[in-house]
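In structure tokens, the next block holds one chain alone, the form predicted alone.
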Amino acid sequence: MIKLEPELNIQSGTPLLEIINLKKYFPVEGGIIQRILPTQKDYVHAIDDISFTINRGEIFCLVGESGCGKTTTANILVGLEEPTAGSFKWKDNLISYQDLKPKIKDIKSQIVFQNPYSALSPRMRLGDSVLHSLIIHNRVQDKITLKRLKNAFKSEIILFISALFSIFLFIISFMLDASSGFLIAITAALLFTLASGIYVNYSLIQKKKIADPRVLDLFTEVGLSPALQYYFKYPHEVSGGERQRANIARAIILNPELLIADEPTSMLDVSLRAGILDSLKSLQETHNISILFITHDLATARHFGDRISVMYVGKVAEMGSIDSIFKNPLHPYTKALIEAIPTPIPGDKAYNLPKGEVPDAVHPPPGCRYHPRCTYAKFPYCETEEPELRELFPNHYVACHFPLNSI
């Protein structure tokens, strides 16, 4: 069997991001007694030594059941989680996981989260939520927008300073005689009133009129049209699909080279999913970005992706091109997932679903992790020896001792 070395590029194409021997273990927190006593800790093996490459300009799909480690992988790739072990290469240069975090002058990746209802602030308009990304990273280019933002910031500073000074004057007024104290108190009140008026005008009224042209153009691009109307809407005023389009716009506006889409259609109606996928595909081609598309739906991956990696309990079970995986699945788990895809004709085929339950990630089974549910397992070999990810066909990899259709 061929063992994949860390330096080996296991996919064709120009690599953008290489993930090498990535691991992530979460400690299992027990009760007070378990925390005090020096007992051995258990860990959830969320990701257990996976490697793959995302090439430039491609859509790489990460597929698997809930709990297999897909979202944890995504969180690591945007710097939201610290890996237990592993290394990364960005354009053939070794980097740390902290280098993957978005920085002011370096935006490698952005993420579209699964839940469009909690990803947006309910107190911010859709346009402001997208513009906020540009403000944080100092990338606002429109002169009118910049002027109004600067005036709003100055008004906030003026209000803060005037509030402190007015309080100081009020304190002084109590130390003086009645007439002098009254004049100083009136002065303090007028000063604070003037500063409040400036704040209301620039920070509340003028700032609310901002409609950044760059955000408007992107809204039109993602399908939020008329853009000006959607710009001033709040999240509760639009549908789930429109919220997700706003989330996509917020991720794309910083021009990342890698977009991570974490099950962006799983919480939407079936009628909306195709539109979201078409928008992502169009943006991928227009902006020449790579996409890591995470899903549990193989049918969606087949429609949308270029290459696919199938995960099972923290491990990569099979990896290859979409055509190769669907025409010639080598892993029994991949075959079971493909056979579980529903057809539009009732009773057209029998669904041979895997027996049993997904193994516990805290105490994963020895050997092949799929062997307790595999109808092709040969004992005791599959139960004791962990399969290595190996190439059986060009750019088609499988982690199975007895792969299907391999002869």
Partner chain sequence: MTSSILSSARKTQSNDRYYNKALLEIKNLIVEYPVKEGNVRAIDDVSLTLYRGEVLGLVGESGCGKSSLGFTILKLLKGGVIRSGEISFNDINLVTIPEGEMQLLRGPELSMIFQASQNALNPLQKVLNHFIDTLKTHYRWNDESWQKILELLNRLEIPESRLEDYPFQFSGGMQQRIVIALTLILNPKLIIADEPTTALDVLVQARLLEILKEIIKEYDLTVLYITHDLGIVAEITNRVAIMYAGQILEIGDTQTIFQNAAHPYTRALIEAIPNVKDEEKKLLSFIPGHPPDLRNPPLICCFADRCSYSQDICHSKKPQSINLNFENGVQHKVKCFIYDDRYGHLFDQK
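Residue numbers count along the first chain shown, from 1. Keep in mind that what you see is a predicted model, and the values were worked out from it rather than measured.
Not pictured, yet referred to below: the form predicted together with the partner chain.
Taking the partner from elsewhere, P264 is found to have every heavy atom lying beyond 4.5 Å of the partner chain in the predicted bound form. In the predicted bound form, the partner chain sits beyond 4.5 Å of every heavy atom of L164. Although the partner is absent here, E242 lies within 4.5 Å of the partner chain in the predicted bound form, judged by heavy atoms. In the predicted bound form, the partner chain sits within 4.5 Å of a heavy atom belonging to D323. Checked against the partner chain in the predicted bound form, the candidates M311, A246, L337, L280 yield a single residue with a heavy atom inside 4.5 Å, and that residue is L337. Of the listed positions (L183, A299, L191, L254), a single one reaches within 4.5 angstroms of the partner chain by any non-hydrogen atom in the predicted bound form, namely A299. Stretch 59-67 is the contacting one of 59-67, 44-52, 361-369, 378-386, since its residues have non-hydrogen atoms within 4.5 Å of the partner chain in the predicted bound form.
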